[in-house]
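Quick heads-up: it's one chain on its own, the form predicted on its own, in structure tokens.
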């Protein structure tokens, strides 16, 4: 009796893909994101190699060609000083993209740190100061052991600096008043300094770091952003202010770039901090966090080695979207005269300089506006693609 054999075509087994390979495969299915990546790559390359591509220097003035239309010599025309718009757009891209990327990275670093601290230590009072008249003094002395003396000296030094700063600020305010105003100012300032010193050096100061950071974020988000940025940038640009004078002395013509980066970073980290805080609140209750804590891992090791890697995907998406928002914000501030200052070119101050001839020479506004629009849309589509590729619940 012969035994019949059945042959089947075995399908080749699919090898396990890494998470990055899966994300890239899913990202490639997002056509708009892929096209946006190509556009952004071209914008970055043309900006980086602007000295090789641009036919003229960005600040070269040709008084015989004021508001000249597009021609062979000037592909995009000229502005009110006869400067070639095509050359200025390329050089301006270096500044605008630099501001957008640097602010996004700085905001991500600050936001990640703040979000990790707020989420991980939520509900746990953080002792900022402890004196011999508090119960925290004994607990810290027993818990920190030999390091207690050094930590106490460091805490006392920091709080002594804060008290000195309050007294200095009080003196600055008192110098602006006369007679009774001086007395009242000193009474308020000295009372505040003594109160801080009492709790910092004798009693204790303990705060819920989550509540502190979250309430600060709520206050910052409640402020009208553009007016506040205008006031802050105008204040820091004033050479009579200490920081403004320092920026002028050390950075010279690049001062406005550093200034706009500082100003935009103040508001830029808030969204990232909120996202990371919510993720950490969920992740710190997971089994792998309890296991790491049971093995004796320090808080910082748990945050950096176990919690942060699980939050990389939303951080990447948030950074990507922040780049576009920062470019638009820089353009808005420069358009209002509080951002990048001449002779440094940015897309924003190109728009500002062209507003007087917007109807006579609309191309002076069209080209920098077009580059801002392309960059912002491309970054937003790229962020959408990254979000869908890194989100396992996506249908891509």
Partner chain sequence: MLIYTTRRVLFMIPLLLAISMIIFGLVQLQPGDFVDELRLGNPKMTAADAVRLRREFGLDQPWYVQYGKWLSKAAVLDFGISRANGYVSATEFVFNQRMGNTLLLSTTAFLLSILIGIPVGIYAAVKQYSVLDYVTTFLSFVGYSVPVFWLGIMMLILFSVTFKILPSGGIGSEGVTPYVESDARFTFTGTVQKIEARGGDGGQVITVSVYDPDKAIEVPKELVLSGNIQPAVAVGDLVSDGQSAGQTVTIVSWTLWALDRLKYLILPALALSIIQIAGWTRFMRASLLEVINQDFVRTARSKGLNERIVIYKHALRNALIPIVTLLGLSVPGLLNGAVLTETVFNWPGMGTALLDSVVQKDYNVAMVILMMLALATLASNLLTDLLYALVDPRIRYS
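Residue numbers count along the first chain shown, from 1. Fair warning: this is a prediction, and the values are worked out from it, not measured in the lab.
The next section is about a form of this same protein that is not shown, the form predicted together with its partner chain.
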Could you tell me which stretch in 312-320, 123-131, 137-145, 217-225 has residues with non-hydrogen atoms within 4.5 Å of its partner chain in the predicted complex?
217-225
Contact of residue 173 with its partner chain in the predicted complex (heavy atom, 4.5 Å)
yes
Answer with yes or no whether residue 27 is in contact with its partner chain in the predicted complex, where contact means some heavy atom within 4.5 Å.
no
Would you classify residue 373 as touching its partner chain in the predicted complex, given a 4.5 Å non-hydrogen atom cut-off?
yes
Is residue 285 part of the interface with its partner chain in the predicted complex - any heavy atom within 4.5 Å?
no
Checked 48, 42, 358, 61 for heavy atoms within 4.5 Å of its partner chain in the predicted complex; positive is 358
Single option in 298, 183, 238, 191 placed near its partner chain in the predicted complex, where near means a heavy atom within 4.5 Å:
238
Taking only heavy atoms into account, state which residues of 314-338 are within 4.5 Å of its partner chain in the predicted complex, ordered by sequence.
328, 331, 332, 335, 336, 338
